[in-house]
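First comes one chain, alone, set out as structure tokens in the form predicted alone.
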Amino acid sequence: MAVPGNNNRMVTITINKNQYLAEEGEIFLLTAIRHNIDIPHLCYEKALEPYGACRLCMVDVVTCGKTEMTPACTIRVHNGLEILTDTPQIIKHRNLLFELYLAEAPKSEVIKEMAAKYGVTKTRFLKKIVHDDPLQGKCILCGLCVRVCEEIMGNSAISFINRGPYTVINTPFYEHNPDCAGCAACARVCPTRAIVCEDIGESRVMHSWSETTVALVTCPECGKSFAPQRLMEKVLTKLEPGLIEKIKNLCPECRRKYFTRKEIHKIPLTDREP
């Protein structure tokens, strides 16, 4: 992905009949955001390759006078690119999607607020109501949680289950999954805040994932439980062995104190007053 400020070649593109300078190869959605052009989106996550799951960021790409509706997060900027973001066709498509999301995730305040911003406050579709839903009636099945678990964390602890209108996301067979590292990356990338996890004592409980429970490391200095054991072990393998022994079980706050004390001890005492 092209990053602004990295001396990438600047090209000219047209957005809603106005010309802008943009960096060649950058994702168009990011270009639009930087130029304060409003395009709603839910499934874009910079750590993952865009795949246009939510379809909210659809725009019209103009080629030889013809338009083709395409997700803004999958378009790469190139010289002469022409985009329309607010045609009647796009607005109609967007409003229909908001209605579908209001039905699919009726308890999501994120969806309600976003839809209301674009004038959609109710839906013609039957709302999906699931009693004891572990995702609180907020999941839109964008799949970001599944992707970050597999592609970034390498665990594949959760996946899509069933098909069609019965599709959900959870652990295999809705059981405690020992493959879960308790990193909570899934909760951090969830655009509708549907995933619930909680630190209870020396454990992290992934309420949304069949109550999967993961042991936490406890800091020997302050007694605070602060990070999943499996995740810590993985991180510590990246550090130098001599450093690991001194800080491996310290929480971030106690670790900072440790390094601060080390730096203070290096300061010469020649400037002390008598």
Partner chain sequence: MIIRSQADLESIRKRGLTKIQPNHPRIGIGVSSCGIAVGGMALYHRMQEIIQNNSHDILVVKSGCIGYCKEEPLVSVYIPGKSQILLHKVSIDDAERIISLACKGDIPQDLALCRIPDWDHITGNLVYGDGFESVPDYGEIPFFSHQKKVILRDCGLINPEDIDEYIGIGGYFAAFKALTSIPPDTIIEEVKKSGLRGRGGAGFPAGLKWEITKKAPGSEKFIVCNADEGDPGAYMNRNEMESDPHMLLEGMLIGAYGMDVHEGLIYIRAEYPLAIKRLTLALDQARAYGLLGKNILNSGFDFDIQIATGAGAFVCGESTALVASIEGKTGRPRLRPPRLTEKGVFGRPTDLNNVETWCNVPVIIGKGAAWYSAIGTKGNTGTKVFSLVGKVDNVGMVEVPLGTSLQTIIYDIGNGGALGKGVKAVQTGGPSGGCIPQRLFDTPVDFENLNKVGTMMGSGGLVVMDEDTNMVDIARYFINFASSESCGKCVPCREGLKHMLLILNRIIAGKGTQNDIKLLQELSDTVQKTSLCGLGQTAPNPVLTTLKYFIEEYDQLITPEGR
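Here the structure is a predicted model, which is why all the values come from computation and not from measurement. Positions refer to the first chain, counted from 1.
We do not show the form predicted in complex with the partner chain, though everything after this point is about it.
Visitor: Would you mind picking the one in H176, H78, K117, H93 that has a heavy atom within 4.5 Å of the partner chain in the predicted complex?
Guide: If I apply the 4.5 Å criterion carefully, the residue I get is H93.
Visitor: Quick one: from T167, T87, T121, S156, grab the residue that has a heavy atom within 4.5 Å of the partner chain in the predicted complex.
Guide: Selected option: T167.
Visitor: Consider A47 of the chain shown here, and say whether it contacts the partner chain in the predicted complex, taking contact as heavy atoms within 4.5 Å.
Guide: Because no heavy atom of A47 falls inside 4.5 Å of the partner chain in the predicted complex, the answer is no.
Visitor: Would D199 show up as a contact with the partner chain in the predicted complex if we use heavy atoms at 4.5 Å?
Guide: Result no; D199 lies far from the partner chain in the predicted complex.
Visitor: Would C54 show up as a contact with the partner chain in the predicted complex if we use heavy atoms at 4.5 Å?
Guide: Flag for C54 set to yes.
Visitor: At the 4.5 Å heavy atom threshold, is R163 in contact with the partner chain in the predicted complex?
Guide: Within the cut-off, so yes.
Visitor: Look at the stretches 182-190, 68-76, 107-115, 200-208 and give the one with heavy atoms within 4.5 Å of the partner chain in the predicted complex.
Guide: Going by heavy atoms within 4.5 Å, the stretch is 68-76.
Visitor: So which residues in 138-157, when you check the partner chain in the predicted complex, have a heavy atom no farther than 4.5 Å from it?
Guide: Stretch hits, in order: I140, L141.
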